[in-house]
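First, one chain by itself in structure tokens, the form predicted alone.
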Amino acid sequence: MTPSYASYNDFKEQLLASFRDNEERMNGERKSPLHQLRRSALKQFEQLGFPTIRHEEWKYSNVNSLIKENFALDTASSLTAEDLVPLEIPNLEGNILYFVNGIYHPELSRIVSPSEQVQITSFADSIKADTEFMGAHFARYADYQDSAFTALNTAMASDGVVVRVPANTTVDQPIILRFITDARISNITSQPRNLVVIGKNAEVMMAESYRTLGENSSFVNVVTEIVLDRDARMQYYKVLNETAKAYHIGTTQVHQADNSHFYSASITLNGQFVRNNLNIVLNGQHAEAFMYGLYMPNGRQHVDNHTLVDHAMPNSYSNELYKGILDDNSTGVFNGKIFVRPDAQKTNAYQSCKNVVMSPGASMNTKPQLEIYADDVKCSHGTTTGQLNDEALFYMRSRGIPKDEARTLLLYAFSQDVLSQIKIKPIREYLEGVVREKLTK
């Protein structure tokens, strides 16, 4: 029988009790180095506690409403393949993996790429059967010392995916991770953990998507660690189209070696409270990172994008463009930091954040940062927040285009700078349709 934790006074106590009750089945052996790492992460979470607005990194994002919820920790679900049909993306092909309440469901998934191109296993299987590989990579990149949510995930993660791409290999078909939260019966929380290791001169495309079914609250706390060896290349997309009662905190930690190329786009369409952390360490010469983001909160939704690009070696390049469209009483946050270490000469780093505020009740908080300790660099950052261009709107209306249609066309064109960067065509076309639909409401 699954224990009930509803009697505990708060969410933190509930999580700590759950860890103690489930220790035996986490890694197979409580004395293993992996489990000791989990215990260390739990201790750190216990010491840190949930962040408050007094923490500088959470100044504009209050998690009080999240931690006051009463979430069920039971991952059981009656979800069937028929329930997933409305969530399917037309014409999407590739390796499509479904995770329900954070747990991998092979009967709903399909893996089409041969094992010579890529090895795809569940996190639960890997952490028990491949301890040497997991010991070398698990929690080695996403630091949990200063992040309560990363520490919580490191301690509590029960499933997710492990992707290994051998050297000199191109994975022909994309890897699509679909995380579904089944909140039809009760409030549900999950702690998915993903690890992607790309070998030398290898290439892969991967996308993560997050959806919730049901009218109850959901909380997903996910950590994805990505490692690119020298000359490796990756396209990475993250899409959130959640419900009005969905909480999402996601951390993507990327570690790049010499001549590696990382290309990402993050699309946040809906969700009550969303925090996207994208941290990239350019730990090799001539490494390149490109980051694009689009967020469209409305109602009382809150979307917080935090990015960190750490230029640790010389001759690296990063370019970042995030765009927001905010309506009703929604709130947006963008905190982007470029860090250039003393040895990282010849660094080129660029950052831009542009926002359109559609309603007097909407607000946007931006904090671009440059922290540079090298003298031979080219770095810039900038941010703009304003309303739609009145002249452009007037011009379109003077050509006979109705006001609402002109507004939609201008906003859609604004979003295209990000949507056009998605190279998986079915996903891009699907998102373009969702964006257009949201803009016309």
Partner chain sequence: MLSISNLHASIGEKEILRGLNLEINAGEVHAIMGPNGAGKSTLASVLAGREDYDVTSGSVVFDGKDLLDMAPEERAAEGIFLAFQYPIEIPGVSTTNFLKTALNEIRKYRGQDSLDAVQFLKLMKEKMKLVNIDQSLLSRSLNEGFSGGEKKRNEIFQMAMLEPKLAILDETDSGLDIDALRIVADGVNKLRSPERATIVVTHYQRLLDYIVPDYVHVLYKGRIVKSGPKELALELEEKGYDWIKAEAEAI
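Numbering follows the first chain given and starts at 1. Everything numeric in this text was worked out from a predicted model, so none of it was measured.
Just so you know, the form predicted together with its partner chain exists too; it's not on screen, but the next bit is about it.
S.K.: Just checking whether R397 would be counted as a contact of its partner chain in the predicted bound form - the rule being heavy atoms within 4.5 angstroms.
M.R.: Yes, R397 lies within 4.5 Å of its partner chain in the predicted bound form.
S.K.: Does L48 reach its partner chain in the predicted bound form, with heavy atoms at most 4.5 Å apart?
M.R.: The answer is no: L48 has no heavy atom within 4.5 Å of its partner chain.
S.K.: Looking at the partner-bound form in the predicted bound form, is K403 within 4.5 Å of its partner chain by any heavy atom?
M.R.: Output for K403 is yes: heavy atoms within 4.5 Å of its partner chain.
S.K.: Give a yes/no on whether I53 approaches its partner chain to within 4.5 Å in the predicted bound form, heavy atoms considered.
M.R.: The answer is no: I53 has no heavy atom within 4.5 Å of its partner chain.
S.K.: Exactly one residue in V63, A374, L37, L410 has a non-hydrogen atom within 4.5 Å of its partner chain in the predicted bound form; which is it?
M.R.: Checking each option against its partner chain in the predicted bound form, the one that comes within 4.5 Å is L410.
S.K.: Looking at 389 to 397, 65 to 73, 376 to 384, 38 to 46, which one sits within 4.5 Å of its partner chain in the predicted bound form if you count heavy atoms only?
M.R.: Stretch 389 to 397 is the one.
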